[in-house]
Structure formats: C-alpha cells, structure tokens
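Have a look below at one chain only, the form predicted on its own, in structure tokens format.
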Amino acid sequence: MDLYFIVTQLISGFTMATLLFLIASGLTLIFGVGNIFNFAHGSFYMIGAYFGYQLVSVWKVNFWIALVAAGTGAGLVGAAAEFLFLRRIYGRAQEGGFQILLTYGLILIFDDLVKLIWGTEYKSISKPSGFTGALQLGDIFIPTYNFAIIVIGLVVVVAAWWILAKTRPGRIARASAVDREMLGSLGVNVPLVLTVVFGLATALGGMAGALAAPLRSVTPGAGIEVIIDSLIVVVLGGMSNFWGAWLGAVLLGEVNAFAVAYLPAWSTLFSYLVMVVTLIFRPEGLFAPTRLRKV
C-alpha cells in the first residue's frame, strides 16, 4: 500500500464526506431548529441534481451559475413543501408520526414528478471547463473537480454556520428551537422563520445534488440512496449537532472509501457497522445533542 493509493482514497473519502455533510447539515438544521424529521430530505438532493442537468446539459448554462440556481430552486421547492404541507401538522399530538408519513409521501411524489418531467433514463452532467484534469503534488495527482467540491462544500457550510451563530437572523432561528411561543410574543413571525430555515436546509441538499451530478448518474430514486447515509451521519454526530455532523461525515466517507478499495463486495455493510459501534459505546452520538444552541 503506497502513499499515492492512500492519498487517493483519502481525497475520494473526503469528497464523499463533503457532499454528505452538505446534505446532513441541512437535515441537522431542520431537526435542530424546527424539530422536524424530514425523511424526504434526500429528494431535494435529487431535485438539485435534475435542475443542474436541465440547466447545464439542456439549456447550456454555465456550470457555476447553474449550481447556485439548482440549490436555489431546490430551496424554493423545500420552502413551498413546508408552507403547503408540513406547517399543517405542527403542534399535533402525533406530530412525529405524521412527519414521517408525510415526508415519505413527498419522496414518492417527487420521484414520480422527475420521471414525468425527465423520464426514467439516467442523465449526466459534464465536469465544468477547467476542472477535468488533476492537480499534481509531487508524485500525487488530485482530481481538480474533487478538490473544488471539497473547497466549495466547506465554504458553503461554514457560511451557513456563520449566519446561524453570528447574525441576528441566525439568533432568531436558534431561539425558535428553544421557545417558539416566547419568540412569537416578541413579534417574530415564527412560521416564516421555519419556512426560511427549511428552504435554506433543502437548498444545501440541492446544491449537493448538483455538485455530485458530474461524478454520479442523475436518476430517479437518487434521494433514497443518499438519505440513508445522511441519517447515519446525523446519528454519528449527535442529533442536531452541526459540527458533529461534519465529523460523522468525514468518518463515514473515509470508511466507505477504503472499504470500497479493499472489500468492495461488503462495502455497503461498513456504514451500518460504524453506526452500530458508535451507538453501542456512545448512544448519544459522537457529540451530545445541542439543538443548535451552541453551533
């Protein structure tokens, strides 16, 4: 096992981890601020990938403009879903069960919608111009686009954390996780806050889908594939813990990268193995839940 192989797998794992973190951070944000279990979160990843395909491969829009537009489009769809559907069940005694049933129903609806609009064939997006080669560091070559994913993903997520932790809108969002009634009595439009947070979180998922599209096929059902790993990331990091999700994503990404290299036939089992071991020794996750009070 040489250095080139190790670095290649580390980069591959970190690329996967960055995409997972973009998705899982949105999932964590929704749960931490709104106490909403959005089982359909992976569908917004799929929607972002299809928006990216439509913009880049069909309408020939610049990839980087399309990336922002795809994330924005997924966020608008997410905000609309929260406003039209999820808002109707807040405060009900069986809210948790309703959330799971409703968001699972959204998965089926979104899957059928993309089949209706784009068909069932696999779609693809070319890598952006200038990012098809590799960076050379001595004898090691790092795919340029993978490096771009890592940088862009980290910048976006750090910006989201900064907004939550350091700005007035972020403080309002965190306050809504603590006491919605008190926040509402202070004149804050709490339902609007939840809609905006839901839109921001789903925009992160949509951006992840558009970023991943040049590396993976764009296909119906892609949301199911990523939501399982994203949920594992959230469990590993501790429910509602923003940076715990980052550590969980890195751990899962690297484990999967080396598992695929050494034991490809069994690689899918390692995600669950990591989760089981974590839950045995730290059932609360790698970090204690914070509900975003200390993001």
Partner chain sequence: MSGRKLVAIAFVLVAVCLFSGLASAQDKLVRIGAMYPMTGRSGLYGMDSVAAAEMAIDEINGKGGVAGYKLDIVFTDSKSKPAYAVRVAERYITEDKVHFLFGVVSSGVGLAVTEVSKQNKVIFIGTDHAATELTLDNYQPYYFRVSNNTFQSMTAGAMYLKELQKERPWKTITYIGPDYAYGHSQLEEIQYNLKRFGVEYQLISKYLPKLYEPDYTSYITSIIKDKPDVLVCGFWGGDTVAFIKQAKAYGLFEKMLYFHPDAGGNYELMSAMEGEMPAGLVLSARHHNNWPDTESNRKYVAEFKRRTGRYPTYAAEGAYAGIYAIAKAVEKVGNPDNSAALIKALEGLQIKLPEDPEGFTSFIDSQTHQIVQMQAIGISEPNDKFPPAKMMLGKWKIYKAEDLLPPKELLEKRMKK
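Since the structure is predicted, the reported quantities are computational estimates derived from the model, not experimental observations. Definition used throughout: the rigid core is the maximal C-alpha set that superposes within 1.5 Å between two forms. Positions refer to the first chain, counted from 1.
The following text describes the form predicted in complex with its partner chain, which does not appear among the structures shown.
- Looking at its partner chain in the model of the complex, residues 134, 216 and 260 each place a heavy atom within 4.5 Å of it.
- Note on the partner interface in the model of the complex: the residue among 167, 126, 72, 189 having a heavy atom within 4.5 angstroms of its partner chain is 126.
- In short, of 154-162, 108-116, 189-197, 175-183 it is 108-116 that has heavy atoms within 4.5 Å of its partner chain in the model of the complex.
- Looking at residue 267, you'd find a heavy atom of it within 4.5 angstroms of its partner chain in the model of the complex.
- Heavy atoms of residue 54 never reach within 4.5 Å of its partner chain in the model of the complex, leaving it off the interface.
- Using a 4.5 Å cutoff between non-hydrogen atoms, residue 171 does not count as a contact of its partner chain in the model of the complex.
- In the model of the complex, just one residue of 19-40 lies within 4.5 Å of its partner chain by at least one heavy atom: 19.
- Core-superposed comparison between the shown form and the other one: the CA of residue 57 stays below a 2 Å shift.
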